[in-house]
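This document opens with one chain alone, in structure tokens, the form predicted alone.
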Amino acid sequence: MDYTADQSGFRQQPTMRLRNYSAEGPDASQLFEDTSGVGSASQSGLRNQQAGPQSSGFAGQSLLSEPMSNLAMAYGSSLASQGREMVDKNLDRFIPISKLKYYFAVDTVYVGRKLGLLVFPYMHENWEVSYQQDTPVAPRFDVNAPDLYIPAMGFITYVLVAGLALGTQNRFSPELLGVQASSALVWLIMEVLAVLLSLYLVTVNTDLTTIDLLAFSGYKYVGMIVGVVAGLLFGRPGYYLSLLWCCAAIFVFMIRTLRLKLLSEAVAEGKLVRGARNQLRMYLTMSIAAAQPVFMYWLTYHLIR
């Protein structure tokens, strides 16, 4: 420590000097050099040297992988298209999707006219299906053409109305509604199979297909719905009166429609319905028409109490 005195006689504060303190200031040389910057610089250079070949390798791999990925995508799309064509071909063998589109080609006007024809067929005169270049026209252009829209909607509506009828009687349950729907569907399938077997045994040459028979057999749901709704509104008298009317209407509708289909050979040749074979065809037509009221009553009488 250095003590110095000024002119007043008082001693000034000692001047403290730190060890290893250099008077030259911050520019003086240090005892130990800071090598952290040099190490980090060398490490970064080493990383850059290592990353250089790797990055170039990745770039080359990406250039090679792009054609491979495009080839894989093209191969996958071709496999998917082939699989779709195979599924469509096999599915069309059992379920003719292209033909089903024809039966659902309807509009609001057709549905209204067809429902009126099913309920009141007595004033209708022309029952022949219109053709265009040996192909029947779509149902929306001809009210006599069969369709599947009304039978499908009729079946669903019948199940809903049956659930409503069971609910008003405090008998509703999901199991009972399922039994109602499954029984109606089973009876419909059995009816179509019985008609196909009868046509095979009688050896009738007709243009009726299985889908046509399914459509004609499904038209009875319209009368069943009318009968159940009338029973819910007006009781048993309303049910029996409306069901009787609808049964007579569906009987006339089926007779006038199917006689042109089952007796097409005799009608085309202009012959009278004579002979055992034609008599069998007429009996078959009347049997199919008479079975409709029986099914209508069997599937609805227990819903009205």
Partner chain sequence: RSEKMAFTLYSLIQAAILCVNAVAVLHEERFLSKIGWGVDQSVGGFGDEPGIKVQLMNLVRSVRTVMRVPLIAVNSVCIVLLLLFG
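What you see is a predicted model; the values in this text were computed from it and never measured. Positions refer to the first chain, counted from 1.
In what follows, reference is made to the form predicted in complex with the partner chain, a form of this protein that is not presented.
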Quiz item: Ok, Val109, Leu197, Met73, Met123: which has a heavy atom sitting within 4.5 Å of the partner chain in the predicted bound form?
Solution: Leu197
Quiz item: Just one of Thr157, Ser130, Ser183, Thr209 has a heavy atom within 4.5 angstroms of the partner chain in the predicted bound form, so which one?
Solution: Ser183
Quiz item: 213-221, 186-194, 145-153, 113-121: which one contacts the partner chain in the predicted bound form at 4.5 Å, heavy atom to heavy atom?
Solution: 186-194
Quiz item: If you check in the predicted bound form, is Ala248 within 4.5 Å of the partner chain, heavy atoms only?
Solution: no
Quiz item: Do Leu280 and the partner chain come within 4.5 Å of each other in the predicted bound form, heavy atoms counted?
Solution: yes
Practice problem: May I ask you to check whether Lys99 falls inside a 4.5 Å heavy atom distance of the partner chain in the predicted bound form? | Solution: no
Quiz item: Is Gln82 one of the residues lying within 4.5 Å of the partner chain in the predicted bound form, judged by heavy atom distances?
Solution: no
Quiz item: Using a 4.5 Å cut-off on heavy atoms, what residues in 287-302 are near the partner chain in the predicted bound form?
Solution: Trp298, Leu299, Tyr301, His302
